[in-house]
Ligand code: BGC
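Listed next as structure tokens is one chain, alone, in the form predicted alone.
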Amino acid sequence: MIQVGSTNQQAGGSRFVYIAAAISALGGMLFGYDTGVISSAILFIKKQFMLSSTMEEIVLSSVLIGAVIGAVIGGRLTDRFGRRKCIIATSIIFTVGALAGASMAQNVPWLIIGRIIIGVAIGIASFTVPLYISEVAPVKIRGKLVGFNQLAVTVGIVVSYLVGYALSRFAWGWRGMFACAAIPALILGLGMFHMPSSPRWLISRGFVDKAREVLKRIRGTDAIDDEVRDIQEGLKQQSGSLKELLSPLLKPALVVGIGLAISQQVTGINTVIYYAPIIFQFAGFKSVSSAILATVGVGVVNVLMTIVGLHLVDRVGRRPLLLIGLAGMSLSLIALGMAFNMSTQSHMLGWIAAISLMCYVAFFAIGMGPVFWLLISEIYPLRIRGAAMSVATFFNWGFNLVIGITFLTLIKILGRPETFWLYGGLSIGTWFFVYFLVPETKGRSLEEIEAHWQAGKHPRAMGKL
């Protein structure tokens, strides 16, 4: 009877962790929706406000300015007030930005301000959600649970494309596209109100008894003394200052986080997320609806392959998925460039471009997409984890902004084939970066990862612990 009761208790704890991960991952869905919806909305906005290509880039990229701001301010806020409270705060910002900002804009400055407000929420949520999930998840399924966030991002992108397609027949449709974000934002806020704080954050702030209660609830067992002790021991070895990241022992973790943050963007993923309908128009899809519908197909591939990645990340490991994904991305971008190097009259151009884009997104979805956010939630010490993740997120959104605001300009200066070949070359460079410097964290507790850095070992040696 005792064993049966214990098993039921553990099963209940496991279910609760999945629920907590699913609810908090709505922040990822909003991240995906609000970054993806502009690709459909911009086709109407540029006509209504008569935007030049430069202003089109500015309107599209304004959300990224907010995301950079959110990444900068979010780290300290998450470490001070907790992951849960910050996620609730982002739900409020998402709602205000969607309803009072972007969807009601009467002019371009109003629209830009509304998108910046939404961007602040995206910048905070993009690292706070995987951080929260990683700190409540058991070691064996941490990769899968943190991957829920990336899956939610891809679902949000597809939903934004579907909403864009459904509303594309209406002149006011772009306003509805922005306003729909308020629905998951409200659900996120209400859901997180009933979720517990991160037990690791509670211990870092001295609330040990409360942390024990949370751990018993989410682990489904009273045997949590060893985990509490490991967390406390890890905290004793940390100064709590962000300057600690610049210490010789943690510099490798800093390099890995920033390097992956930059690489995820310069390999071109958000040219596809933001400009997919425009790319399809380049490839011969004449109508707005057909370009958006083709984009939906890319989004569906993104979701399906992210699910595949979630099944593999705790089995195959982080490094293999990154290396396989980057190799596939490189080949797909080379093929996409070759497609645009063909005669624009070729009836094969649209098909080759569509297949190349889908392959590129598929390889991103099993590697750089989920694994980057997972790794930066794992590799930093507890006391500075939120702030350290915000540093990586700052670089991620900063280079996201650079890519978003320069794509059309690069097309004009370099040409379509050369632009995609440039992203392909950067993907090859990233493959070598991952091979030589990125650690394998599969099967390691967060405390074991901290101990690895404290021992001064090379990142590649982590998988050999």
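In this text, residue numbers run from 1 along the sequence as written. Worth saying up front: this structure is predicted, and the values here are computed from it rather than measured.
Below, we refer to the form predicted together with this ligand, which is not included among the displayed structures.
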query	finding
Residue 364, heavy atom within 4.5 angstroms of this ligand in the model of the complex	yes
Any non-hydrogen atom of residue 302 within 4.5 angstroms of this ligand in the model of the complex	yes
Partner proximity in the model of the complex: residue 39 to this ligand, non-hydrogen atom cutoff 4.5 Å	no
is_contact(residue 396, this ligand) in the model of the complex, heavy atom dist at most 4.5 Å	yes
Interface segment, criterion being heavy atoms within 4.5 Å of this ligand in the model of the complex, picked from 187 to 195, 259 to 267, 162 to 170, 128 to 136	259 to 267
Joint contact, 86, 90 and 377 to this ligand in the model of the complex, by non-hydrogen atom at 4.5 Å	no
Contact residue in the model of the complex, from 143, 123, 97, 369 (heavy atom within 4.5 Å of this ligand)	369
Partner-contacting position among 181, 71, 276, 153 - heavy atom within 4.5 Å of this ligand in the model of the complex	153
